[in-house]
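Given as structure tokens, the chain that follows is alone and in the form predicted alone.
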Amino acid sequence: MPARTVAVIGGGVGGLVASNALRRLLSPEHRVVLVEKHLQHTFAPSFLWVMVGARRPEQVVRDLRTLTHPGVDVIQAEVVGIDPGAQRVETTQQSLSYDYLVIALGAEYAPESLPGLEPAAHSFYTWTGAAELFRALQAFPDAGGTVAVVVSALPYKCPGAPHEGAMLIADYFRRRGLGGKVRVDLYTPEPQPMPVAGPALGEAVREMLLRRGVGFHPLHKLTAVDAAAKELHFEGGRRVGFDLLVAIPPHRSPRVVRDAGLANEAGWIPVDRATLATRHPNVYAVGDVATTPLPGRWKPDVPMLLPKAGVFAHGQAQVVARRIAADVTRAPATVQFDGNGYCMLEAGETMAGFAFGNFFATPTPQVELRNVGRMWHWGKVLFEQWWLTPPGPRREALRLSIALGSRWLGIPVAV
């Protein structure tokens, strides 16, 4: 059997899971290469805790090389070119030939694409942004005011995060004794919270927001921000004032995938939803950079798409790794991505809800929300600790704890 090279580009959730799974599944003569420009690997689900001071920034970051299995060849470089025909990736360090390619480059943020947003807004969607937002919350005056949390454009990753962020900000001010003085409002262009998950889940999340004093404003498409006047401009002419603006920035795909002709008109890489294969042989895309249509539409002109979320990147990466390993060893490749996903929705006061279901169900995704409780919060804490622990006995013990707990609760958490 000839030695093969599998190149994984992007060291986020999908890239890290794919690299480690491939290294476990393939014998040592086969090379697994992980290319990532930033060796600081940050755990994005914890940014919400950094935002309210429940974590220090340094607690949620690790050197990427400490989280990869021995035998994964980590190259610190930026991907500047992809040539599927020649089976080659160009980086700032070297040219890399591959037999199989896994694209896990994620999504980029483009706050500059919306007039006035960048100078006016804070965001918890980045590691540094979450730390800066915590300082802004600390500096918010005791006299009170209005905090606007705004989904600035679609699509965006982690569909539950804007709602969690708004509830955690409201909880932060309650703990400061300012609950009656600070108003928190959430604006989104969507018709309900997480519309792809169905009306029942949307209504349940809406109730979570209202119970925690968060104003929810659907069907508000942001068109511009007047930083000097501290004013949001929405489609249709409505204008809303704010004292502190927290924005989920516009997302876009990395330019390198568009330049390579891998993306569709919207900029994302279309994949087979079961195998994550692209239209190019032996080229796969996982996570936020990929796009997968779902049954139904949440508006007549807006199709349902699989949400961009770490849980899906994780599951997709496991499927791709197993399919590549099967192909390398000439074994049947039968495993498929099933569309199951879940999310712990932080609500403050060490409480969280748990949403889970099958996003490939027909005629529409079937997703439910378990009652808010402390158990789900501590489950997220346990998952955080597992993710940030280097491979070894302690990580395996944490994995077993999560697996046993999820089995006992009857929920689909795979680690």
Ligand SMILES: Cc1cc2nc3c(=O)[nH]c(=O)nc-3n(C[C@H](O)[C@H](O)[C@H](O)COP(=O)(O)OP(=O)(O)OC[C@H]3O[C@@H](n4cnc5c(N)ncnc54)[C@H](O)[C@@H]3O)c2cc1C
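In case it trips you up, residue 1 is the first one in the sequence shown, and so on. The model shown is predicted, which means the values in this text are computed figures rather than measured ones.
Absent from the display: the form predicted together with this ligand. The rest refers to it.
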item	value
Which of 151 to 159, 272 to 280, 132 to 140, 221 to 229 lines the interface with this ligand in the model of the complex (heavy atom within 4.5 Å)	151 to 159
Touches this ligand in the model of the complex: Val79 (any heavy atom, 4.5 Å)	yes
Proximity of Tyr109 to this ligand in the model of the complex, heavy atoms at 4.5 Å	yes
Interface membership of Ala309, this ligand in the model of the complex, 4.5 Å heavy atom rule	yes
is_contact(His38, this ligand) in the model of the complex, heavy atom dist at most 4.5 Å	yes
Contact assignment for this ligand in the model of the complex, among Leu168, Val246, Leu117, Leu105, heavy atom within 4.5 Å	Leu105
Option touching this ligand, based on a heavy atom within 4.5 Å in the model of the complex, out of Ala313, Ala325, Met208, Ala197	Ala313
Partner contacts in the model of the complex for 120 to 142 (non-hydrogen atom within 4.5 angstroms of this ligand)	Phe124, Tyr125
